[in-house]
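This document opens with one chain alone, in structure tokens, the form predicted on its own.
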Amino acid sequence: MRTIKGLTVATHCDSAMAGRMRIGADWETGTSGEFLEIMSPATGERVGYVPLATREDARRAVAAAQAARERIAGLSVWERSRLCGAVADVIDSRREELARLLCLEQGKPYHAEALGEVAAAATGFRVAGEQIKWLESASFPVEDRNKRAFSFLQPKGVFAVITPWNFPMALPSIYYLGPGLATGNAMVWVPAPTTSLVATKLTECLEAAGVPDGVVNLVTGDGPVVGDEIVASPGTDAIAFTGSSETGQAIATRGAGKPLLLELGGNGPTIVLEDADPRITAERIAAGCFTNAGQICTSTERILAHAAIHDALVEELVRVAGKIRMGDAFDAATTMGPLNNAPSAAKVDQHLADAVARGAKVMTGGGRAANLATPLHYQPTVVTSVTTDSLLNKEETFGPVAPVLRFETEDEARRLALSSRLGLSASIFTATIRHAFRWAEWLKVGIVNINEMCPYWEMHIPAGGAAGTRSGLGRTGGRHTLLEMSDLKTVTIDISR
């Protein structure tokens, strides 16, 4: 028996529990005859099986996308907008079914998070469909009186899309599938293996809404196999990826100069100045640490607190962490679910052990939660006396951990802020507008939230990694994603003849 990313590979499965891929007009299980067994991180029960695709399967999907690219590009903007709206309507009509599977496969609580994510996926398609109708290009004044010049947007062609497991419904819809459809691109989509059953259901919604065959092709399996194939394929024209910085670097290398839209790792600082309100600040920071069990690219990962507020802030963080409720994923009282997979939980274990070995103090939590359905449930954790050389400070932990570092002066706070090479998002808590603006302008991140948690974002707002960091390339959010997924073409006309 072998495993891939902690998932057992099976050669036989109950056909009623088998997920499917979509290549062109066909739903199928691929050519390998193998499946990945999906066990629920929330309940421990078997959820189903995901087809383990081969490179040949991925090549067929790319060919199907190439065959469909002119069909989707040939639709008018209004037709594509209506198609996005139809997808959103289908998602809404299947909200409970989708949320239940999302809860079981990803682990997030049904009432507190899963239902909201499905609603966000529908909204993502609607936003893309509306914004594409009002996305204007330009005409340009020119020196030659006999010339006219203007520009317009065209699809890039075929996108290779690779998405993670933390928001397997909303993220693909908001970042890539909705905008890709609105801009007229064909796509080959490789979702994370541990949440590919949800991806199958979402692709069924696209089919039911009337998305033409071959426009969105779903290929499931091991990223280094099928993901690598679509990234390197001469049949894909551009790449969209959300995931780790390390994988993003590998994709950029394998992509061989293709246009890239990458959202990568985050570990931007949350800076708490001495004039912040500790109670309100702790409530918002805790939301940034513990929402989705800390499994958000923009999660509050490290907290830099001025010495004058440090102790009061930590006390409040411990209080808020104590209000988190874990348990039955379908109980309305449950507010935080498990980590999605064993490697992620092991990483949190490693980061906490490293911090404690370097002198950190665990104020609450600090390990796996006992007496729950699986060992993937992790206690909401607050840690103090974290050193700059600890993994909690330098790397993305991706778990429900609030690491607090103390500073005395602004220069010290700046050194701490620069001690991680990741620059996706940051937060500043202060009552002084002058301090807020100075820090917001200075921080090397793509988005800064003032007096709000790091992961606060609305889907029309531009977000992404800052240059010089390892947090990505390009911008996602509303019209900005539409522009990233389009080519701007300029035309000049001689009107003298």
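Predicted model, so just to flag it, every value in this text is computed and none were measured. Residue indices: 1-based, along the sequence shown.
Below: the form predicted in complex with nicotinamide-adenine-dinucleotide, not depicted.
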>> Residue-level contact is defined here as any heavy atom of the residue lying within 4.5 Å of nicotinamide-adenine-dinucleotide in the predicted bound form; does T163 satisfy this criterion?
In response: yes
> Might P224 be said to contact nicotinamide-adenine-dinucleotide in the predicted bound form, defining contact as any heavy atom within 4.5 Å?
Replying inline: yes
>> Is E396 part of the interface with nicotinamide-adenine-dinucleotide in the predicted bound form - any heavy atom within 4.5 Å?
In response: yes
> Given that the partner is absent here, does S137 sit within 4.5 Å of nicotinamide-adenine-dinucleotide in the predicted bound form, heavy atoms only?
Replying inline: no
> Are all three residues V190, L264 and L424 in contact with nicotinamide-adenine-dinucleotide in the predicted bound form, where contact means a non-hydrogen atom within 4.5 Å?
Replying inline: yes
> So which stretch, 272 to 280, 407 to 415, 242 to 250, 101 to 109, is the one near nicotinamide-adenine-dinucleotide in the predicted bound form (non-hydrogen atoms, 4.5 Å)?
Replying inline: 242 to 250
>> Can you pick out, from D237, D228, E207, E316, the residue that has a heavy atom within 4.5 Å of nicotinamide-adenine-dinucleotide in the predicted bound form?
In response: D228
>> So nicotinamide-adenine-dinucleotide isn't shown here. In the predicted bound form, which residue out of L171, V383, L202, M326 has a non-hydrogen atom within 4.5 Å of it?
In response: L171
> Using a 4.5 Å cut-off on heavy atoms, what residues in 56 to 90 are near nicotinamide-adenine-dinucleotide in the predicted bound form?
Replying inline: none
